[in-house]
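Heads up, the chain below is alone and in the form predicted alone; it's given as structure tokens.
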Amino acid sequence: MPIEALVFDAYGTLFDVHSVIERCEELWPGKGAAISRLWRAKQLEYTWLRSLMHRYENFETITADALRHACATQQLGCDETHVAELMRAYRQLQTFAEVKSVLAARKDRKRAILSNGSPGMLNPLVEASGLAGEFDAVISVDALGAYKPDPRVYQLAVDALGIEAGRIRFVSSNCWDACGAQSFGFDAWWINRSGAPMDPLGARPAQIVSTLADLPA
């Protein structure tokens, strides 16, 4: 079926979550990259575990908790000043280099973000990046109280755009997210920037490319 809308994941797909490494390195010399990796891994883990436990907390709380855990794992001091500063940095993440040109070339279709991010994190991030005018909708899981890859999350995009799932191309740099979207019924594309192997989750993305610039015009 012809594609009528493009729906993008935010963190790791449009916005580089590891653009906080420099600030982490300033706070904890020699540990910036390790903290960023641990922070992201624990952030995702908490979304999945809280969804399974039916103990939802918004993404802002989870992200702060994940940072504290990452620092504790590295035996690094992390007071509330550190947390507040790095949470501000998370609202100003850098976009990947190709993002603006890709969005500018695809104005003939509806475009949206579907993200685990809570509105208090996601909306300032989109605004700070200069992308606020590029999307017909910025959709947060917060209204649902569950995280991707719960199928109900992907339904949020169908409802917001008024377009059936098979006519929506979903784009994510997270393999598990692309697999979840494909399983739901989207035409899912995995942006595999690191050349990672496929996760065996019972559903495969429709296409695998290495950058957003590889999306068809």
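Just count from 1 along the sequence shown to find any residue number. Here the structure is a predicted model, which is why all the values come from computation and not from measurement.
One more form of this protein exists, namely the form predicted together with a further copy of the same chain; it is left out here, but the text below deals with it.
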Y46, A72 and P149 all contacting a further copy of the same chain in the predicted complex, non-hydrogen atom within 4.5 Å: yes
Which one, N58, S51, S36, N174, lies within 4.5 Å of a further copy of the same chain in the predicted complex by heavy atoms? S51
Quick check for you: of 123 to 131, 103 to 111, 72 to 80, 85 to 93, which stretch puts a non-hydrogen atom within 4.5 Å of a further copy of the same chain in the predicted complex? 72 to 80
Hey, in the predicted complex, does K31 get a heavy atom within 4.5 angstroms of a further copy of the same chain? no
Though only this chain appears here, would C179 touch a further copy of the same chain in the predicted complex if you measure heavy atom gaps against 4.5 Å? yes
Contact with a further copy of the same chain in the predicted complex for R40, defined as at least one heavy atom pair within 4.5 Å: yes or no? no
Test of understanding: in the predicted complex, would D199 fall inside 4.5 Å of a further copy of the same chain by heavy atoms? yes
